[in-house]
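Shown next as structure tokens: one chain only, the form predicted alone.
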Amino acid sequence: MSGAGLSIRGIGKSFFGVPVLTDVSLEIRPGRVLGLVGQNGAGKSTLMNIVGGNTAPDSGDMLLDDKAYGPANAREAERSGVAFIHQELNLFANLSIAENIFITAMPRGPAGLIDRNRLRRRATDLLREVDLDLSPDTLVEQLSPGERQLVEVSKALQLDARIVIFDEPTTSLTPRETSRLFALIDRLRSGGTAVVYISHILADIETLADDVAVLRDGKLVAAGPRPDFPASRMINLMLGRDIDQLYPPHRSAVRDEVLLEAEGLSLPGVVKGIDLSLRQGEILGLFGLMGSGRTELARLLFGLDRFHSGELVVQGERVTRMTPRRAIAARMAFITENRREEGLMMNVSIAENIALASLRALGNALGLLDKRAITASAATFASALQVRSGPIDTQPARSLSGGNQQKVVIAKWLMSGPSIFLLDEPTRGIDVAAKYEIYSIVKDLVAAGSGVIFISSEIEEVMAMADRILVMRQGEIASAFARERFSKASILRAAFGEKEAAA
């Protein structure tokens, strides 16, 4: 990329009467990586959506290489050389990898028909660049979240973009996939491309960024060279205050009563012979690499998928066939890692989303839903989780930032009053302050006698939160660790298949 880069001048934006950006000015320069950080709702994604043509500013303007720039839509931004890889991936699950990569630029033959051979060849070359060893004819619905992320990166590469925006790109990636992504970003930077990297993982910002910009409450509070922004300063600028610790103090609340047991739980090709127990007041950590079976096990426990053999014992009741309806009746909650497709109804209000798992308790004397009661009850939980929004009875969930959407998912289940929580990546895409709030809520839940299965791909997080950790590998429980035996090296060795004595 040659030229002066992108100059953002005095940008302002409001949604539902709530200011999201106020007078933001920023420079995005060729051949450099800008780390963009801030709490959920700080305005990071909104600012980049303006750059990427997905929304228009209310005030301010932009210059691209010293020429006026104001894309009317994402396609116009792409034609100007701006590629935006969103946190919530924009892929068509029923189309192939190749079709998704070239969805707006299908190679065509002389008669105007799609040239399938050229499509496959070009897609294969791009997949090779991101080190994704898959056929370009593979349907996207068959891919893991990490593989889908790399397909999105391939889409940006085919555009030969001058500016590439990454919004929380590593949340679904394995360590190996993250390393490949970082190498790709280095190549883009070396080739003169400007990169904007939005992330709550401050270690990634420290590793990648040349420059840092910090947003707080829709305003730019600081910007400059990355060496001027150690993680501690970034956190303090994001929050507007000092923060002493990332995790609440650990105090064991484990009791004798068993809330949930799995005995020989198996689903061919997915999980095999799973034995586990969850006690009152316990946080049971579940760790493993992508594809180890963590999420698949949670889905079986909640009845979203049906296990072929084995049994569950839920609060003393033996279950040979679990369903979501039965799980909810047994006071179980499942916070999915895929909030957009499985956790929320994106086009309905925040209040209605929060009330989804509690509708039976919110009817009036005639059995009809009491909208006023729904809004009042939902408001209590939205406030407790500090959901940043406009009026919750009218604002749709799709309009929230990713982190605030996750808070709504958590509020939905908290409102239903369960005693067994299955939390699959509950802090994915959430800022440090919101993470601490969620950690504190989890600690309060177990102190009150609930049991929590806490699934995380962040080893430091699961070690800080759990009373015990089960490590999964290839669909089986490879090792178990009591808290006094926690060791990052030991847990990782178990995840990678190296021998380690279990607790």
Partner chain sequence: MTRSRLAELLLRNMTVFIFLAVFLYFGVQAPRFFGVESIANIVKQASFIGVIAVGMTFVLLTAGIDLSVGSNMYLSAMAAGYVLQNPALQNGWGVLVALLAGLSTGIVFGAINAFCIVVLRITPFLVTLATLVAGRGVGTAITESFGIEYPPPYLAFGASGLFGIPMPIVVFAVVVLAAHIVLSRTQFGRQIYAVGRDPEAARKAGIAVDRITFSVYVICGLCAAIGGVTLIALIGRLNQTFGVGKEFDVITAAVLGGTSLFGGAGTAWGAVVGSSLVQMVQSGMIFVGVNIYLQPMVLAAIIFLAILIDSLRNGRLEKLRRRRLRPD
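Numbering follows the first chain given and starts at 1. Please read all numbers here as calculations on a predicted model, not as lab measurements.
There is also a form predicted in complex with its partner chain; it is not shown, and the following applies to it.
Stretch-level contact analysis of 201-209, 258-266, 185-193, 91-99 against its partner chain in the predicted complex, using heavy atoms and a 4.5 Å limit, identifies 91-99. Residue contact check for His86: one or more of its heavy atoms lie within 4.5 Å of its partner chain in the predicted complex. Interface residue remark: Thr174 is counted as part of the site for its partner chain in the predicted complex, having a heavy atom within 4.5 Å. Remark: Met106 counts among the residues lining its partner chain in the predicted complex, judged by a heavy atom distance of 4.5 Å or less. When its partner chain is considered in the predicted complex, Gly291 lines it closely, a heavy atom lying within 4.5 Å. Taken together, the three residues Glu141, Lys155 and Asp305 all lie with some non-hydrogen atom within 4.5 angstroms of its partner chain in the predicted complex. Proximity to its partner chain in the predicted complex, taken as a non-hydrogen atom within 4.5 angstroms, holds for one residue of Arg118, Arg318, His250, Arg75, which is Arg75. Note: the CA-CA distance for Ile198 and Leu289 contracts in the predicted complex relative to this form, by 3 angstroms or more.
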